[in-house]
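Just the one chain here, the form predicted alone, laid out as structure tokens.
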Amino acid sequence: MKADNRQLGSDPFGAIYDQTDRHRRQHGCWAYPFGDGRALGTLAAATGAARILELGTALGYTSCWLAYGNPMARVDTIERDPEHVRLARQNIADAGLSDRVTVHAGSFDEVLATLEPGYDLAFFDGYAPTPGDLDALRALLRPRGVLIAANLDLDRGRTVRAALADEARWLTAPLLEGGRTTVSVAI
């Protein structure tokens, strides 16, 4: 189970977080809400990210936080599950962010192939990334772009951690969720 670090201040998207948790239990899916949306918003603000890419929308909790972190940002988020796409679009619209957050329906591979490079920040929270996912994200990030990769404690996380430790390609630190999530800069 993911840690819930929402105790610092109010969470303007707390209802989406709670809805995601309930949905996962009822739907029997892997739509876990990321436990530290505030950190994502803070990183979006601190990096000045104008173009943000998210892999793994679930019901839109983190998409909203990423957009909230930088009011000038545009977020592209990818989700495969049609029910999650529908709920995320509704939640994002209800949060007043649908003009800045686009939910792309489809697999990561399908959608990533259609996107233009130059993202300032990318967040991967669709299970755990594969080495191929890392290569695709690195190709879409601008030089010195930031990658936040979650779920690195899962089975393929060791392989991804090793790839992110390649100092010729990434500058990486395990900063969130007790080290389960890393923040990396593309070198």
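A residue's number is simply how far along the shown sequence it sits, counting from 1. All values reported here derive from a predicted model rather than from experimental measurement.
As for the form predicted together with a small molecule, it is not shown, yet the points below apply to it.
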Inset, instruction - With the small molecule left out here, work out from 157 to 165, 138 to 146, 114 to 122, 49 to 57 which stretch has heavy atoms within 4.5 Å of it in the predicted bound form. - result: 49 to 57
Legend entry - Interface residue in the predicted bound form among Leu43, Ala31, Leu134, Leu152, criterion: non-hydrogen atom within 4.5 angstroms of the small molecule: Ala31
Inset, instruction - Report yes if any heavy atom of His84 sits within 4.5 Å of a heavy atom of the small molecule in the predicted bound form; otherwise report no. - result: yes
Inset, instruction - Spell out, yes or no, whether the shortest heavy atom distance between Arg74 and the small molecule in the predicted bound form is within 4.5 Å. - result: no
Inset, instruction - Would you please decide whether Thr102 lies within 4.5 angstroms of the small molecule in the predicted bound form, comparing each non-hydrogen atom pair? - result: no
Legend entry - Partner proximity in the predicted bound form: Gln90 to the small molecule, non-hydrogen atom cutoff 4.5 Å: no
